[in-house]
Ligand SMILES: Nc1ncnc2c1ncn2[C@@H]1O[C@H](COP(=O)(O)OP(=O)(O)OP(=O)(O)O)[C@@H](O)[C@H]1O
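A single chain, nothing else alongside it, follows as structure tokens in the form predicted on its own.
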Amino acid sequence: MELLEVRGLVKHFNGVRALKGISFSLREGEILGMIGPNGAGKTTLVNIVSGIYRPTSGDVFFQGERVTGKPSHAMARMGVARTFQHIQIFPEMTVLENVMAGYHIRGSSGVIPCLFHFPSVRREEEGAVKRALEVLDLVGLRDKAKWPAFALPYGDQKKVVIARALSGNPKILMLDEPAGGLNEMETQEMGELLEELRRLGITLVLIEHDMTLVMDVCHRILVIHHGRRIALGDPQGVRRDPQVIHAYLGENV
């Protein structure tokens, strides 16, 4: 089943056409890779789907509903989460507190209940702790839940960011270069985590430059060059596509 459909997305920034009519669909339960040179428009595309940018034209449909232009908090509540290329953590907060911060999209308590510590607020807090510990188990960091986030090595900080996105229980998780800056062993662990998330029913979109990781874990790959889609297909087909080789992969691949 198609979980997400993107139709003819165009995005202009002060006259610069960052996206030029991108279309694709995302199937439930798959890992879709998104590759292309720096500046190709990959992050812009994810920013539109996740509600950070509004498209100049084109449409986005999620579970059959038109969601074009909905803000990021609304998309997050609907089940579309994303991480960013650069790590964004609260360094002085504990790992657990960092992950709990992602649970707020499921909260419903207003200012007054929070000020007076209503029972509903306490229940939400308990739910946030429970969910945070569950996802820390999933990413292998439960034993470091009380560590300050700044004390974690870089690879574990990346896992904290993913855990925070997972705490909101998303249907789609879009990851912007999750293996960026990781060593070979950490990249292998990241690949195993992505496979586990898929097995748990989370549909993934992966922007990544590590071609070994992309080819190993992705079911299909979308290739973007100068804001246009130049290929979409299974890894082996994309690997052999002359346009992709010329624009991005190179003859060695």
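Counting begins at 1, following the sequence as shown. Because the structure is a prediction, the values reported are computed rather than measured.
The same protein also exists as the form predicted together with the named molecule; that form is not shown, yet it is the one meant from here on.
Visitor: Going by heavy atom distances of 4.5 angstroms or less, which of Asn169, Ser72, Asn183, Gln85 would be at the interface with the named molecule in the predicted complex?
Guide: Among Asn169, Ser72, Asn183, Gln85, a heavy atom within 4.5 Å of the named molecule in the predicted complex occurs only for Gln85.
Visitor: Picking from 183-191, 213-221, 32-40, 64-72, which part of the chain touches the named molecule in the predicted complex when contact means heavy atoms within 4.5 Å?
Guide: Contact criterion met by 32-40 only.
Visitor: Is the gap between Ala18 and the named molecule in the predicted complex 4.5 Å or less for some heavy atom pair?
Guide: Contact check for Ala18: yes, within 4.5 Å of the named molecule in the predicted complex.
Visitor: At 4.5 Å between heavy atoms, is Glu177 in contact with the named molecule in the predicted complex?
Guide: Within the cut-off, so yes.
Visitor: According to a 4.5 angstroms non-hydrogen atom cut-off, is Thr44 in contact with the named molecule in the predicted complex?
Guide: Thr44 belongs to the contact set for the named molecule.
Visitor: Would Arg228 sit within 4.5 Å of the named molecule in the predicted complex, counting heavy atoms only?
Guide: Close contact is absent here: in the predicted complex, Arg228 is far from the named molecule, nothing within 4.5 Å, heavy atoms only.
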